[in-house]
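Presented as structure tokens, the chain that follows is alone, the form predicted alone.
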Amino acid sequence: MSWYVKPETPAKIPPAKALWEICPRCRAYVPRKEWKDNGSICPRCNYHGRLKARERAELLSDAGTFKEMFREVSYSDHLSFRDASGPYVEKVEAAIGKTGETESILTGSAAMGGIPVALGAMDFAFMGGSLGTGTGERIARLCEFAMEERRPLVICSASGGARMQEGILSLMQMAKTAAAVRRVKDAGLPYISVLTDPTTGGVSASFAMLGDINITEPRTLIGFAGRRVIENTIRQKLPADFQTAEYLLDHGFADSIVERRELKAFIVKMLHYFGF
């Protein structure tokens, strides 16, 4: 009998992506546990990776205080839209199955530093964080909740823009959410907007930029149209840092760039400034 016996089944070697996170900026391989324990921030270059909506809510809320609201509000397919890749319904249902969310924003009540707040967090993994009718309705209801309970409003944005599969009603959410935020302000309540990577399109052109305080994380992409679209339109080369958080801060469109580790403490400090 041979001293070597070939195993009946091949050894199961986990794929690299199961063991490592690869930083999109510096391409460093970071153990997944280290990446997660570090708040999805690259320990080499300080790249702030994207968070899911529930991770963002957990990051900002006092332990055990976040209570989800308006989960029943979801998408609508009033156009029965389909394109070459299939029906819109199939795509959004796939996003629900993948993320566990029923819309591109998670909304609810929470406490931050002991202060009750109305909290919303967008999830880019849900159809690019697109602004659909369900998203706009959740934001409007969250604003109403903030006014009824006299709570500050905190919304963390992450979006590629309007959800075009829902047509003009998607674009109408820009005006709807902006008006809802205006009512919160008119009621004497602060609105703190946290712009995370990326915040673009119809979201950046509506409620995301209307905060009493606009906060962003380092190197966040913030803008409306894409760089190539603008360059092809104006026939000029844009600055290398165009549409970054740092560029917006220098030009007065953002109030502060805050490291993720300090974000909750900074927001709590702002809430104390507003008298809460």
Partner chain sequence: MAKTSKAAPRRTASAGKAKPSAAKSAMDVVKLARDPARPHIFDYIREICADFTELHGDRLVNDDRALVCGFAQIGPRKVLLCGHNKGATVEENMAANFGMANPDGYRKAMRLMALAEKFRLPVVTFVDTPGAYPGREAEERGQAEAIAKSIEFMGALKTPVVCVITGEGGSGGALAVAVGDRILMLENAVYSVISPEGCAGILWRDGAKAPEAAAALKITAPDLKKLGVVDSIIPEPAGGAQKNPKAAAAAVKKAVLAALAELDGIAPADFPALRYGKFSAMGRFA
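Residue numbers count along the first chain shown, from 1. The model shown is predicted, which means the values in this text are computed figures rather than measured ones.
Keep in mind that the form predicted in complex with its partner chain is not shown, yet the notes after this line are about it.
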| property | result |
| --- | --- |
| One residue of 198, 108, 152, 134 in contact with its partner chain, assessed in the predicted bound form (non-hydrogen atom, 4.5 angstroms) | 134 |
| 171, 89, 96, 125 - the one with a heavy atom within 4.5 Å of its partner chain in the predicted bound form | 171 |
| Joint contact, 79, 185 and 229 to its partner chain in the predicted bound form, by non-hydrogen atom at 4.5 Å | yes |
| Residue contact check: residue 244 to its partner chain in the predicted bound form, 4.5 Å heavy atom | no |
| Distance check, residue 239 to its partner chain in the predicted bound form, heavy atom within 4.5 Å | yes |
| Residue 234, heavy atom within 4.5 angstroms of its partner chain in the predicted bound form | yes |
| Proximity of residue 83 to its partner chain in the predicted bound form, heavy atoms at 4.5 Å | yes |
| In the predicted bound form, segment of 30 to 38, 43 to 51, 217 to 225, 56 to 64 with a heavy atom within 4.5 Å of its partner chain | 217 to 225 |
| Neighbours of its partner chain in the predicted bound form among 138 to 169 [non-hydrogen atom within 4.5 angstroms] | 140, 144, 162, 164, 165, 167, 168, 169 |
